[in-house]
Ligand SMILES: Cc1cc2nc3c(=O)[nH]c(=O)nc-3n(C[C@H](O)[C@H](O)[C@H](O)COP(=O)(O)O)c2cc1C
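What follows is one chain in structure tokens, specifically the form predicted alone.
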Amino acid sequence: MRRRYPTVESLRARARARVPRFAFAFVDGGANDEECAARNATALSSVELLPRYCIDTKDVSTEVELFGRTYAAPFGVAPMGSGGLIWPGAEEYLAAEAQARNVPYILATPANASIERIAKIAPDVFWFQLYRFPKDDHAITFDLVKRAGDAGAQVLVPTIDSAGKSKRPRDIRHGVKVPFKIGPKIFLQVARSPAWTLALRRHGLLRTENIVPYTEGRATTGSTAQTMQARASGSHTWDELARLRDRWKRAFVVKGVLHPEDAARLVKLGVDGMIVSNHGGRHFDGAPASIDMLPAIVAEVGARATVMIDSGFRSGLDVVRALALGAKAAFMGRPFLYGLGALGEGGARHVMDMMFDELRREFQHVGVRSVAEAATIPARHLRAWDLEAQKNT
């Protein structure tokens, strides 16, 4: 497997050929012209690290402490809605592998596995990503929070960068919509993907499992997705985040931060950490690359909160770039889904092996032996935003 699929891009190519086109398009695509998604990749590749040599790095440690718990690596599995679309059972496979390898796993609200199910599979590494449901004074929002707390989620992760519905041309072209309809084109794609179809038969039709208790009538693929679409709405307001902070007694991390002033306000609100993110380019195509905003946010709040990042990460080297610029951890989503699409259940293990191996290798190449030392790597980042300089021009 390592010879045939040595990179995330090789897994992506295999997944594209193996799963239905609509499923691959949903995972691979972004908003509008997909410029933000491309910007993430370009920005990461532009960050240069200055290595030091003549250092004994045979005893490299990739461990990191986040919110009082030691994890095996400074990366984790990002939240991904409808992960089962690219491979049925995706969330369960990824959660099990994250538990086995001791890395954080963030379950998305619109996942195809429930809070309670994932909590049983990954009790030590389970974080829950929360969307906003404003109807009836957030009855669903706060019930999801209660369920996550009762299930033992380590961290609550409200997401703020979903201000509205995004336009995704690839989804439109391939008929990915709510309610999802299986017409002749979709049926033909499924028929051409026998391994995917067998996996679907084993796991059953996909539902938005966390929404099942709030769906009127029979909870089906269509009804749960429709309920999610109809009830979830917009970005958490500052007042709502304060109410959530008051209710949640464990680590509280806000995802989707791009502006340093928002980061500073979150610290005043009492968050424990934040994830710098543009949602992988899936919502607002005009957003800057997450890595380009990271230094400004670290400078603003890095001494007062745990700053993490996602969007566009594809390799161990990308993770090291984020550590050098001040992040405590980086999360990735698409690489794990490409792995599942390419290899089925074993794809989760393959990508995890790849990331651990690359991370250790890059630590050795750059001359550091720990995550703490990685924060001292000299980095050249010419694309980084400088808001103060912009104010003075």
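The structure presented is a predicted model; accordingly, all values stated were derived computationally and were not measured. Position 1 is the first residue in the sequence shown; the rest follow in order.
Below, we refer to the form predicted in complex with the named molecule, which is not included among the displayed structures.
Residues placing heavy atoms within 4.5 Å of the named molecule in the predicted bound form fall in a single listed stretch, namely 271-279, out of 148-156, 189-197, 217-225, 271-279. Although the partner is absent here, residue 26 is a contact residue: one of its heavy atoms lies within 4.5 angstroms of the named molecule in the predicted bound form.
The shortest heavy atom separation between residue 337 and the named molecule in the predicted bound form is within 4.5 Å.
Contact between residue 310 and the named molecule in the predicted bound form is found at the 4.5 Å heavy atom cutoff. Contact annotation: residue 81 falls within 4.5 Å of the named molecule in the predicted bound form, judged by heavy atom distances. Note on contacts: among 260, 110, 302, 89, the single residue with a heavy atom within 4.5 Å of the named molecule in the predicted bound form is 110. Out of the listed residues 314, 231, 243, 117, 314 is the one that sits within 4.5 Å of the named molecule in the predicted bound form by at least one heavy atom.
Contact annotation for 112-144: residues with any non-hydrogen atom within 4.5 angstroms of the named molecule in the predicted bound form are 129, 131, listed in sequence order.
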